[in-house]
Ligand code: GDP
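Only one chain is shown below, in structure tokens, and it's the form predicted on its own.
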Amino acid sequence: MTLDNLLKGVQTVAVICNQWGDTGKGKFSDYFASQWADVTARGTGGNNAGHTVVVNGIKKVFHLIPAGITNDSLGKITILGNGMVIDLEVLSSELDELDSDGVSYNNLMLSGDANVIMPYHVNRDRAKHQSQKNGGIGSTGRGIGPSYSDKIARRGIMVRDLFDEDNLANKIRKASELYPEQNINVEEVIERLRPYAERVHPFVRDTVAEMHRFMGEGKKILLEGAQGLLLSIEHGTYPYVTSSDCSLNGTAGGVGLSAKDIDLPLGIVKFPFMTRVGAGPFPTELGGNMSESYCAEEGHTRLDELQEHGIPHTSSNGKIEYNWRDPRIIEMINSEDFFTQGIGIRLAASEYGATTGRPRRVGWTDAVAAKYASRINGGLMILTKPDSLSGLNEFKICYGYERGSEVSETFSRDGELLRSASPVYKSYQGYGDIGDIRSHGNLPRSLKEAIYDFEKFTSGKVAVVSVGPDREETIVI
């Protein structure tokens, strides 16, 4: 099968994550946006997400604007939906980057109903929620949580409020009562926001009405998910979650659609390892509590880890180059010490946050969690990153949680239950380089066996296996 066959007769596709985010949605969002979609829309989160787009051959990380923006000159439409929270300064900065690269954004639309991340939201978030120490959630410090809190409490500032300064001043004044530690000066806040509001004003639309129009016109629509199901405020490991519902339901609702409108949900799963950023339970984490504490501390960036473990590398203008198949890294991914093995896999797979730069916690793929996510999100699955573990002697997949004498195959949002669970693994033989393989039949036997077992356990169907970051490095099953 080819991707064209997979998309035959499909009007709406949602690229979402069935884990804790960072699964490689960007590659497939870019593919569908550039090769197929007329409209690319995002409906959840804010600049706590990050995806890479290629502009004139140069990779750039954007945190708000969806991947489809690079196709604006072709008349393709990009939407920031009503379910998002928008940092106007960040959005303006991303528009500046597009200007400097000669990329148009004439067909960009911003929902007037999206909420605005205010300066006092960022200040509160950085002061109270950014640390992972002492059980802290470990937010990105971008003001996402406080902005959503104000939205739910019905005191949020919407994009459309920006253009009536008397009304805006009244709303900020009311909200400021909840931020007494900041001594908010209403006029100063408005003055700070004014140039950004003027910048985005031409793009403000009733995007829900526009989406319904596009559906009626038969346009091909891509929904670009943010974060992952296990971080959803509704379905994730609460309270160690993000502040929006990044399930299929939330992703669709965040642009004014119903989940029933989505013809092809594609849930992405890292395989045979997975990652998590920030605090919270992670049953299959390599190194367990030691790894969680280590990743929460300062001083463990990619550069720090390369230096600490003697991996040859170069660093210039913030760009770090190294051989991810370096013999020392291969030795680490095969270490009998699980903590060291986790660092090796992180280096081999370049698992560091696109938004924060933080080291991602690493563990084996959890099929119990994937079954839970797949049942909520539905659709088919895409497996990513198996190519990163070439040279591994053995890998494992978790098919149950052992607690005392009992084994459960049911995922729980209860963090205490997850922390007390011992994963029940099945081991598989490792494999070599798979980057040049383009058919399912040519994949290593052990990897095919693991995929079969994973599908059977989750009652899901794997449609695509990614064997590298480039578009052509893709196997459609």
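All residue numbers are counted from 1 along the displayed sequence. Because the structure is a prediction, the values reported are computed rather than measured.
Keep in mind that the form predicted in complex with the ligand is missing from the display, and what follows is about it.
The contact with the ligand in the model of the complex, taken as any heavy atom within 4.5 Å, belongs to Asp387 out of Asp245, Glu285, Asp387, Glu94.
The closest non-hydrogen atom of Asn18 lies beyond 4.5 Å of the ligand in the model of the complex.
The ligand in the model of the complex comes within 4.5 Å of no heavy atom belonging to Pro423. The closest heavy atom approach of Arg360 to the ligand in the model of the complex falls within 4.5 Å.
Proximity of Gly415 to the ligand in the model of the complex falls outside the 4.5 Å heavy atom cutoff. Note that among 407 to 415, 43 to 51, 440 to 448, 30 to 38, the stretch whose heavy atoms approach the ligand to within 4.5 Å in the model of the complex is 43 to 51.
In the model of the complex, Asp22, Thr23, Gly24, Lys25, Gly26, Lys27, Gly50, His51 are the residues of 14 to 51 with at least one heavy atom within 4.5 Å of the ligand, listed from first to last.
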